[in-house]
Ligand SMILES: Cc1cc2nc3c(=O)[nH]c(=O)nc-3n(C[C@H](O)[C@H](O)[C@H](O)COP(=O)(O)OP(=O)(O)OC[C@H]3O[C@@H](n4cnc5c(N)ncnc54)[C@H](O)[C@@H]3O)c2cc1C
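Given as structure tokens, the chain that follows is alone and in the form predicted on its own.
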Amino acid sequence: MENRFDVIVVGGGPGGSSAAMYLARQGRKVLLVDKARFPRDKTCGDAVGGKALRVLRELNLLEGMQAVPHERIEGVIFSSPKGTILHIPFKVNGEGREAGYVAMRQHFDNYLFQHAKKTPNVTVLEEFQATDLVWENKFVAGIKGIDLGSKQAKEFKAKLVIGADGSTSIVATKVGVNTIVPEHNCIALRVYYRNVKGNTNNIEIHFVKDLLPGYFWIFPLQDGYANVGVGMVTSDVKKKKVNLQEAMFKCIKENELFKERFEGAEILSDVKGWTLPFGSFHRKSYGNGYILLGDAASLVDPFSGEGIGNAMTSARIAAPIIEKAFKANDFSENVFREYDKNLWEAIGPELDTSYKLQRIGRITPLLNFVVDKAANNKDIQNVISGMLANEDAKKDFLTPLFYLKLLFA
């Protein structure tokens, strides 16, 4: 294999595979490396939302998603700390909307990765562990690593290195920006079940009293499977000394909303944990010869915990800026600053709103009040449905007028 490319992408997940395809379609010679061999599992909530669907559509991959094992999602079910249940179907302009899918990452990521692998101009190297960066004149100029099969050290060079290698990104670490901020980082656990009773075409987010200020989720999957998990901000886990695994299983076994639903349900996997770097912390995502995408750039939604859509969006936004760099033959941070600007103009307001909603979620009486009111009022349900579908409207959650209207609803 040759050792010089236009772009090296480290990480073959949704952000990295999308970036490889976008850039290859622009005529760039891309090396895509990943430490795993696909298909491989990735610990995640498995939700594939609207922003991801946009990228799939642009890459002509949306129709093919029908062959990927998944569950179609049409709405969300919330519950308050006191146990009130609220069902919100997704709507846009009064019409029902398919908001996305829940698909196991071993299936979804492999679907994207295999398409990237077949794309002309893309060279793929699996089971390659990137361990360091190559530097030339204060510019990132390539990667060093180990072929995990042969155990041989290898080095590859490129004009640009893209770090799409997740929350523990070696690229972000080596350029010195992989700072973990406990107040803007989440610890999450996931376990797969089969035959959880009462699952529908809705994702479920439950604000359980014993897990506040975190939440418990049930996301339906194909063939009676379900992704079940919990998440809590890292600083709160440490401050409250919470054992998340114990708290999750206590919730499943003892909470009145769930104990009957999980009777007879079968656990299909080990409990796996991971960290989510929230986009409420604006990490520097570019520099001389490098760009960061997705979790490596700390782009996870602070309210929902969803990261796939923002990872794929960051790839979509980076591609035209990278093409500008090639045309100008300038790979300095001065050029890539535009990537950061465009990225945060696109997703920054949503991340800011989600962070404020996360903070509101810490206030138990307010959560109970909003869910109680909405559960008994169709007009309020329709308003919230519109907010969930429209990021500008979501900001209405944060205005005093919204809560004043609830008082008199």
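Don't overthink the numbering: it's just position in the shown sequence, from 1. Because the structure is a prediction, the values reported are computed rather than measured.
This next part talks about the form predicted together with the named molecule, which is not shown.
> Using a 4.5 Å heavy atom cut-off, state whether R40 contacts the named molecule in the predicted bound form.
So R40 counts as contacting the named molecule.
> Using a 4.5 angstroms cut-off on non-hydrogen atoms, would G214 count as touching the named molecule in the predicted bound form?
Outside the cut-off, so no.
> Using the partner position in the predicted bound form, report whether E71 sits within 4.5 Å of the named molecule, counting heavy atoms only.
Result no; E71 lies far from the named molecule in the predicted bound form.
> Considering only heavy atoms, tell me if V33 and the named molecule come within 4.5 Å of each other in the predicted bound form.
Close contact exists here: in the predicted bound form, V33 approaches the named molecule to within 4.5 Å, heavy atoms only.
> Which of these residues, A158, A315, A116, A130, gets a heavy atom within 4.5 Å of the named molecule in the predicted bound form?
When the named molecule is considered in the predicted bound form, the option within 4.5 Å is A130.
> State the residue from V175, A188, M248, M104 whose non-hydrogen atoms include one within 4.5 Å of the named molecule in the predicted bound form.
The option sitting close enough to the partner is A188.
> Any chance all of D6, G142 and I291 sit within 4.5 Å of the named molecule in the predicted bound form, going by non-hydrogen atoms?
No residue of the spot touches the named molecule in the predicted bound form.
> Given that the partner is absent here, state which listed stretch (258 to 266, 188 to 196, 204 to 212, 330 to 338) has heavy atoms within 4.5 Å of the named molecule in the predicted bound form.
Single hit among the candidates: 188 to 196.
> Sequence order please: the residues of 9 to 26 with a heavy atom within 4.5 Å of the named molecule in the predicted bound form.
Residues within 4.5 Å: V10, G11, G12, G13, P14, G15, G16.
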